[in-house]
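Take a look at this single chain in structure tokens; it is the form predicted alone.
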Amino acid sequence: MSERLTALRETIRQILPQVDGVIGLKTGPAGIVAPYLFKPGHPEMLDSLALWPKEPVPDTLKIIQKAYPNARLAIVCRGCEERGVVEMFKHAQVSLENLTLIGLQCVQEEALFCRCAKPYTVHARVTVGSPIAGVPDPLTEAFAAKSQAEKLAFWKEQFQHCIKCYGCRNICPQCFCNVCALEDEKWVETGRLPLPNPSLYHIIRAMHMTAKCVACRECEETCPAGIPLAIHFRLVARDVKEMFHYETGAVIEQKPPQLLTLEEGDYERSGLP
């Protein structure tokens, strides 16, 4: 890992004079790793450059671009984060103009930790490290092999632990609706725990994440109840690929399938049989 860190540090040094800043990870005084904007003229800050644990850097890009839309930026991103940037671009959340993607290829240990099928970048202008093959996701495969009754029982038990902290939604770089259905009293009751129907929260979120999940596992890592949420979303992504021939972050020019939420009376007004 030290060789990869050295290579990434040198790559950023070379790119810094060409941009206004490079978004990467930095180890703070308390040893906490967080996204950071490395700026030209301060190369000494790269001494604190970090590789792990990964953090949702696409959200940091979104915040900076919103405040400084003309800034020339570079961002260090792993495979999942690169897919996140691509999907956010498709939904007009970030701009790829004046943006340089620095691909950080994951090592085997990191891929196994994330149970990642695509631990590599494909769109980056420059990459650090050698791409490796994806690894199996034993949790998802074990769940997929269950019967329908077993699957239902599994999620009923898991969702009973949900405390509706909104951590999974807040950490997800693909959750960016201006009005969130999960805060609508009609769908998810507020001010009450445990939830009368805890599954409804997660079903609604899964529906809204259709064709958007990039398999970063941030939701699963954030969940204080330890719910294996990645299983939920990865199987939805598998269905999207089969039904719509769409993979998140794979092709920049490919538009995602448009999925609509029907309001009361929409079906009757549509004239459909």
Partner chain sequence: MEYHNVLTTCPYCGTGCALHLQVLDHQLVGVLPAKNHPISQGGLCIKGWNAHAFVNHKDRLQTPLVRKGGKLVTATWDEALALIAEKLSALKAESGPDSIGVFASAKCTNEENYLIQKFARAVIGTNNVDHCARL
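Positions refer to the first chain, counted from 1. Treat the numbers as computed from the prediction; the structure is a model and nothing was measured.
The same protein has a further form, the form predicted together with its partner chain, not shown here; the description that follows concerns it.
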Exercise. In the model of the complex, do Pro35, Glu55 and Leu73 all reach within 4.5 Å of its partner chain through at least one heavy atom apiece?
Worked result: yes
Exercise. Any idea which of 163-171, 88-96, 136-144, 103-111 reaches within 4.5 Å of its partner chain in the model of the complex, heavy atoms considered?
Worked result: 163-171
Exercise. Hey, in the model of the complex, is Glu221 touching its partner chain, heavy atoms inside 4.5 Å?
Worked result: yes
Problem set entry | Tyr68: touches its partner chain in the model of the complex, heavy atom cutoff 4.5 angstroms | yes
Exercise. Just to confirm, Thr60 within 4.5 Å of its partner chain in the model of the complex by heavy atoms?
Worked result: yes
Exercise. Is Gly41 one of the residues lying within 4.5 Å of its partner chain in the model of the complex, judged by heavy atom distances?
Worked result: no
Exercise. Ok, Ile204, Val236, Leu49, Ile64: which has a heavy atom sitting within 4.5 Å of its partner chain in the model of the complex?
Worked result: Ile64
